[in-house]
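Two forms of the same protein chain are encoded below as structure tokens; each is given separately, as structure 1 and structure 2.
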Structure 1
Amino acid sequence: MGYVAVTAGEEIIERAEELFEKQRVEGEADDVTVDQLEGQLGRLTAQAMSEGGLYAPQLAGLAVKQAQGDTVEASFLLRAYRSTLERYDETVPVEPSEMVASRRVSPAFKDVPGGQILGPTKDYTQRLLDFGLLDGEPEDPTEDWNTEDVGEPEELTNVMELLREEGLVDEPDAPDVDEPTDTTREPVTHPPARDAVLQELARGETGAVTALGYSSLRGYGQVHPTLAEVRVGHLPVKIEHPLTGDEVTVCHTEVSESEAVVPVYAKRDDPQFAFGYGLTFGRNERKAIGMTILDAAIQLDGVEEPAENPEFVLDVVDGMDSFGFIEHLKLPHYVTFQSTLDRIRAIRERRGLADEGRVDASEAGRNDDTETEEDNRPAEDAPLAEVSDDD
């Protein structure tokens, strides 16, 4: 593998960046504030936090603003920021049943204890453009609700526990892990431990997780689950207080959770259900459900279907990886392309086709009608990019 230094004008690159920034501020509209993004475009900031693997609502709003709404770019900014920080500690592990839920529906059980709580959703209404939002003043449509005397907030029983009580869930051996794998610090090895799979899926790119989960539903796999429940709520972030040693709650993270019952027996001779699980930062039920399907599919350990192959799934769902690899194709590849041209030319020469439709690489991409000598002058600045000629 070789690297070739490519010089470019630093000033020109700065101008390009300034032009990008101009796109954000041009026009008559007021500058959108980070608070507005965090508050009113919560799904966008949630997606950036989820894919960035970093819960920081205000910084996510800043990242979305800086990225002009490009969620993967915003996730990239959050991960870059994360890389500058020290880790204080791991939290005390929390059970999902500790979630303070604002929404919980169970497609599997009609009469689920605690009830079917729709919460804030438009799942059951028509998707029509609301032209009132074009110039409407913000109003709270729940202002007239009588919300008194509904009782204390309840902990909603996890549906998985109900099935477990009936003996319908395979009782796992006690996991022999005290410290789960941390894929931000150690590379994933194959076959991956389930905790590594869950961590990688939790910060996977929403579209990729959804698409691969969908592939299983479309017949490229065996997993077509029934969702035991979908929940949205807040999980406590707990540490041990350094002075008292007590478990204390620093804050809560908003999460989306999904559990799926899979009609595949975990053991051939014992008809119990297998399960899939999904949990991700922020309000993003679609991603949590996709994660659930992939978790269940990966446990089948297949290699024929994409969604069942953990190596394939984990290699392609990370938005940063795909972002980097797809976007790097825009960078100069002159050396790579030159060597490709040389090879093709050599073959053509050997076959006596050398003079037919020849393209001179030194002329490729030039437009002599518009470029001036000044345009083509090498920059005086130091090399700004190093480009691999071996992808």
Structure 2
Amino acid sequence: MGYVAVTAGEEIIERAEELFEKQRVEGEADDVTVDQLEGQLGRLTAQAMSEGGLYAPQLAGLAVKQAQGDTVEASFLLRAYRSTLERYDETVPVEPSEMVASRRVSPAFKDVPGGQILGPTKDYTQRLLDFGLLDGEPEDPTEDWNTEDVGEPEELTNVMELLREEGLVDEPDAPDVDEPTDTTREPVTHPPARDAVLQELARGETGAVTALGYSSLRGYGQVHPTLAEVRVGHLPVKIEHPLTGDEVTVCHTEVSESEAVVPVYAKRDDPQFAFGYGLTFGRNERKAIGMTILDAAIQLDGVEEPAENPEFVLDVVDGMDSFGFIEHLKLPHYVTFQSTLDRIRAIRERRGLADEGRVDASEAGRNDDTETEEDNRPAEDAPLAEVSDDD
């Protein structure tokens, strides 16, 4: 079989795209709106924003709709759009204590300043299908709540700060840099600085971050942390006023934050906790916790366990990289596969193997005494796969 050229052309590709769009609009159901996706599927749009590195809830809803619910595809669309935007300014760093929290739980301490705030969650209920959602009218179960005179939101004390005040947390050395790394503009070099690690983890694919974090918990690592607290809330976005230089809050972003302590002692004479940190756009506590575990694991600077190797972790968790590399296997590989096929056939022919399967040496008119050294080459030498040029 010889080389087969790709002759499908532009029209076939356009029709394939139209069939994809037809899958979204066919049927008798009403077209789902971007507002519905943004409002009712907030976890989905939050994941797309987090992995896309762009906080834009409405655009995330649009990307999810266009991608038909594929979050990695939606994140890709957001990253592509983000790359077209002009950078007007940089924000002022803010403290996590400035967060207006709608949820804060501390598994480490029962009585934390400000108290436990469960907020909206189904963590403590049974996971059962609610068949009432099939055709029921939407109802607000909190419409009878008396929410008057609840007062202003309280500024919550960070639980880790309580431990730091006692000197129980081992702080990493301050980075010797003037400006933090921006991994969206500079490639990550190894060994990476911690700020680069945190940025890449924040944009990591949720499933990959969760899986690698879980690997450490299951014994493929040394980090089994205790969460100091998990928060969900809104952080202010501040810039310096171009005329006055004063800090001005221009909007708020919803984030999920997680901090944890790890009983790993850096100093024998002064035992302290190591710690990990995670923060992502939107409501995505699972990813924030996974990020926390990986941050703590990478700080151990190990190479034996996957979660402790920063190069391995950062190469694997980026959804765009894994998405592209996996998906590219669907593209034509005719030339490289033909080359591999020819080599396999040539080896089989030298060894007297017919297409139908192995044949005896006597049937092939050969005997062991006449076999050459090349014919006796171990089967492991045969190329079973070949990396194509586009890999």
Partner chain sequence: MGDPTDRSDRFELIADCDGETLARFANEVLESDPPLSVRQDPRPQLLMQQVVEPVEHRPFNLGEVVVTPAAVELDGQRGFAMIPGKAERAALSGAIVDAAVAGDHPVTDDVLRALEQVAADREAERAQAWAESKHTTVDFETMEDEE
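Under this definition, the rigid core comprises the largest set of C-alpha atoms superposing within 1.5 Å between the forms. Just so it is clear, the model here is predicted, and its values are computed rather than measured. Every residue number counts along structure 1's sequence, beginning with 1.
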| property | result |
| --- | --- |
| Either 1 or 2, the form predicted together with the partner chain | 1 |
| Val150 C-alpha shift between structure 1 and structure 2 of 2 Å or more, rigid core reference | yes |
